[in-house]
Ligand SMILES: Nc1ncnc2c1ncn2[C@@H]1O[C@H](COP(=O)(O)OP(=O)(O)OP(=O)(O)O)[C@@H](O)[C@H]1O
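Here we start with a single chain on its own, the form predicted alone, put down as structure tokens.
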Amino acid sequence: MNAPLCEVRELEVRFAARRRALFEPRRWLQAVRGVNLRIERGAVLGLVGESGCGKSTLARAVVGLQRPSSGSILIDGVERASARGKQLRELRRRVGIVFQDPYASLDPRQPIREAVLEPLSINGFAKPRTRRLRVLAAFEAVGLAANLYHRYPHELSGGQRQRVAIARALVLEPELLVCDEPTSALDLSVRAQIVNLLADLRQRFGMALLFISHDLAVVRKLVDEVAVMYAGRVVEQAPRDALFDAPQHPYTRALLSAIVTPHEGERRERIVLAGEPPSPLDPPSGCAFHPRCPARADVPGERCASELPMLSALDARRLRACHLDPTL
């Protein structure tokens, strides 16, 4: 069996919290807790969940911008953390990222042409003429006109800036593109353009995507498979249609019930969750979702409060971490 393009194994990312008193014991903020993911070549995996659930931290770890506390990230079977020298440079080239805010991710003092050229210079791509041709090809791929090449980020619209950010990621011809909320800072019409662009680029270049978003309507349009995160853990993972048509985790059901749809027959009964997501500094015992879970009463005993549910298979392609009887 061939190795996936990207595999995340038991990934943990934690940060030391600031001490509130001089002799207070060290506390740790658990941003990502035991996550396992596989991204196949050419596939699009969507990662969804509320703000603060660990999606962006996971994305930064996959790209190499955040060092894991434990666990491993493999790119085509190669452990990222142990790669050095030429092998590490090659891994960096094969994985690109598009950030949430295109204005913040671009240098305001740098013309956009130079912003896209810079990754080629850093990675030692040969002749200046070859670099220029690749920059022009990247601009053309994302639909930016030639008369924009010498402009600065503040002279562009939000959609144009995000196209520049995508061109910068594409110029190294990555095999995996990590998109961290790439449409959330854009208005509705521009958002649709960027989603269509990403879908087109995937088809043209055969890239795999890790697409992170809280916009479930966008996720449904673009991805092949969806992983749902809550409090640093994946609580459900399934093919797109299976998950949207028949969610199996109470948290997933609550998320999907909030989708606004123009088709009255598709509207689900709204599930309003009580309380707030738990603090990653002090997560609850057992299932982190149990204080807010509307289905907790259907689980006998106090398993939800005392026992952490493991991510396990419900069928050949669906995973769920919940004590609830699957038939309910």
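Small disclaimer: the values here were computed from a predicted structure and weren't measured. A residue's number is simply how far along the shown sequence it sits, counting from 1.
As for the form predicted together with the named molecule, it is not shown, yet the points below apply to it.
By the criterion of a heavy atom within 4.5 Å, residue 53 is counted among the residues contacting the named molecule in the model of the complex. At least one heavy atom of residue 29 is located within 4.5 Å of the named molecule in the model of the complex. Using a 4.5 angstroms threshold between heavy atoms, residue 214 counts as touching the named molecule in the model of the complex. Although the partner is absent here, residue 280 lies within 4.5 Å of the named molecule in the model of the complex, judged by heavy atoms.
Shown here without its partner, the chain carries 15, 57 and 181, all of which come within 4.5 Å of the named molecule in the model of the complex through at least one heavy atom.
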